[in-house]
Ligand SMILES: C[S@@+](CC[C@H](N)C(=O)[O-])C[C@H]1O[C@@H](n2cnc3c(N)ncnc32)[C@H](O)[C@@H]1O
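Only one chain is included here, represented as structure tokens and corresponding to the form predicted alone.
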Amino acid sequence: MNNIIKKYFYESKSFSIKHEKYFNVYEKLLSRFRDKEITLVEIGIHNGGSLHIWKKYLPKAKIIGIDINEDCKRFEKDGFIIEIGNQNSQEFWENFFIKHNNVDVIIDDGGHTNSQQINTVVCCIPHLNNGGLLITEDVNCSYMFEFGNPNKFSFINFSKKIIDDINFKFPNLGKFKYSLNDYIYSIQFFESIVVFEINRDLCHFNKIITNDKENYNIKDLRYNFKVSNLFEKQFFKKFKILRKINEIYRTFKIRNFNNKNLKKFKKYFK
């Protein structure tokens, strides 16, 4: 058995359930934290099996477990910090981060409802350390009828919106009324898992820079047609309004060209 986390899963003294594919994902995500003094929070304790896995895999980490069931307090005897509360409550998270203000990794293995998963992201992302991760498990529930799906407000659709949110860090592309793009630097999708990476330092606007070296003025041939100017004569180029009209004309001609070529690829979106 090559996967260490999977090995610890079978060795854990407490009952635990995990999807088989998760072990490789967690190895990929958490290996960089193995010898670091981090704080890891897991939502959804159940029988405590996962807490013991993280304790063995991350021996220098402070492990905090969160559950709505007060019976889970029993795991404090094993050296874990246990907080009882509802992940769907903003008040719970406000009080949690007053008490625990230095968190690196959050694993959401809680109730899996759309509102619980979304609320956890919204409430936790601004408090995570740079370089930290929020890992949401079992997002396949976004496709399940019993969880109120399909729904345009599912957690998966919320996560897809974050893709747009991140890309809006390129100037003048768009802007949401509610945004997390000052915190989330990247987002990864695995089967049934979504991962948000936090790095405020890298969330600046993505300006274009050059290295000021020799320019050979190689012509850009991405379009295989001539985008002719409305006003070819130098005389017309002197007028700002005409230059603007010409710019709009060129933009729409290129846009129409792109849309026309794209039609043949519609089959890949079905």
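From 1 onward, residues are counted along the sequence shown. What you see is a predicted model; the values in this text were computed from it and never measured.
From this point on, the text means the form predicted in complex with the ligand, which you will not see here.
Discussion item. Can you tell me if I68 lies within 4.5 angstroms of the ligand in the model of the complex, counting non-hydrogen atoms only?
Written reply: Contact with the ligand, yes.
Practice prompt. Answer for S16 alone: is it within 4.5 Å of the ligand in the model of the complex, judged on heavy atom distances?
Written response: Answer yes; at least one heavy atom of S16 falls within 4.5 Å of the ligand in the model of the complex.
Worksheet item: G148: heavy atom within 4.5 Å of the ligand in the model of the complex?
Response: G148 lies outside the contact set for the ligand.
Worksheet entry | Non-hydrogen atom contact N114 with the ligand in the model of the complex at 4.5 angstroms | Output for N114 is no: heavy atoms all beyond 4.5 Å of the ligand.
Worksheet item: For the chain seen here without its partner, which of 150-158, 175-183, 79-87, 97-105 has a heavy atom within 4.5 Å of the ligand in the model of the complex?
Response: The contacting stretch is 79-87.
Worksheet item: Out of 25-57, which residues reach within 4.5 Å of the ligand in the model of the complex, heavy atoms considered?
Response: Those in contact are E42, I43, G44, I45, H46, G49, S50.
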